[in-house]
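As a starting point, one isolated chain is supplied in structure tokens, in the form predicted on its own.
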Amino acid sequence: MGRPVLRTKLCDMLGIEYPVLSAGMGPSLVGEKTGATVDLVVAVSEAGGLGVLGAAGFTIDQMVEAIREIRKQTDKPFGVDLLLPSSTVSDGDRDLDGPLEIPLTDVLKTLPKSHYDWMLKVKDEMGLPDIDVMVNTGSTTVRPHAAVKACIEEKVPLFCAGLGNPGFMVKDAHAAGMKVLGISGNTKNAQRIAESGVDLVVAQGHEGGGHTGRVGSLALWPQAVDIAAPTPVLAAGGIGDGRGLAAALAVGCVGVWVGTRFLASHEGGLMDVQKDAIVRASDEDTRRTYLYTGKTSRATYNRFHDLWETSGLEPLPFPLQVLFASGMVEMFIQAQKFEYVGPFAGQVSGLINEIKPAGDILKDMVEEAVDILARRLPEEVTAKP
């Protein structure tokens, strides 16, 4: 039996076999360099989809090294995802006149006294250990212009902005033969991103993991398709199997952007304890919170959520809140208090009951979608024009 056929115009745009992209998930605070690893990118692209590297946790040199390693392992198209918050882009890149790595404990001391004192109070009351973690001062997130320039120089097939509007770099990317993708959680931003000249817009519903908005997927997807036209739209948020893929195509999306399901794979960059948390989670075991980044993001529920709610503190601006939360999570990990640790993940976690190879995940998703569209719907639904 041959390989199933499932094609949309997205496949022709990107030179791929199936309209499935693995999301460019960055680091879940501490514990791993990125959620979307080189291995995950290669596995998804080799299986016929398009893998996207999560480069938010890298320095620019590390990102370039990863891009070149991907090219060593596959000749298939792939993408790179960066965070481009508007304030960081407008402020310009951070100067690198100091050490490239500094202790996280030193950075935490620069946080507002209210937050630092609360952290020390919790550390003392819970008997948490000192932490010995280095953070880089030249990450792609604080040097977005240099990071974008590096992606263009490397001629990455697909550039993805996991946060913010990539419109400022579209002209240069197109000149290098690249495609550009932006992500939105509502129709207002979907229109703004489309009008900036990108090639693709991802509409991510409220259900999605990581940074996410307030509008549910089935309400958002068709509205985004309409308002972004003629720019094609991919669906994200709540997609974990072939049923979600078929539903996205039915509302007019050209493909899907899948995160949580690929995190829970052999190649996903999470720690094992984080992958296990996704497998154990039900549909109600995630929370949307400002806790981790200062922006709304969805993560697997854990006791850190409850602890934060008792603090009386307001979230710090991005990326200061990331540093604050990273310090806390690292202490919980070192103390092996894993009930206070949970990864970014979406409500689709309730569908996930095993960790398996990313290639098998994509294969199963495509086969189920093909079966729905080619056999089950015609057998179970009578429709005539």
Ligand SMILES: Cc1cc2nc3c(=O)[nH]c(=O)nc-3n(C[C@H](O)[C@H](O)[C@H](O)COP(=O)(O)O)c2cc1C
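Here the structure is a predicted model, which means the values were calculated and not measured. One-based numbering along the sequence shown.
Keep in mind that the form predicted in complex with the ligand is missing from the display, and what follows is about it.
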Practice task
Give a yes or no for G268: in the predicted bound form, does one of its heavy atoms lie within 4.5 Å of a heavy atom belonging to the ligand?
Solution key: no
Handout entry: Exercise: I361 in contact with the ligand in the predicted bound form, heavy atom 4.5 Å
Key = no
Practice task
Spell out, yes or no, whether the shortest heavy atom distance between G49 and the ligand in the predicted bound form is within 4.5 Å.
Solution key: no
Exercise for the section: Determine whether any heavy atom of L83 comes within 4.5 Å of a heavy atom of the ligand in the predicted bound form, and answer yes or no. Expected result: yes
Exercise for the section: Have a look at 341 to 349, 40 to 48, 65 to 73, 318 to 326 and name the one stretch with heavy atoms inside 4.5 Å of the ligand in the predicted bound form. Expected result: 341 to 349
Problem - Non-hydrogen atom within 4.5 angstroms of the ligand in the predicted bound form for each of G79, T140 and A147 - result: no
Problem - Of P166, G185, G244, G162, the one that lies within 4.5 Å of the ligand in the predicted bound form (heavy atoms) - result: G162
Practice task
Determine the residues of 183 to 222 with a heavy atom within 4.5 Å of the ligand in the predicted bound form and present them in sequence order; the list may be empty.
Solution key: I183, Q204, E207, G208, G209, G210
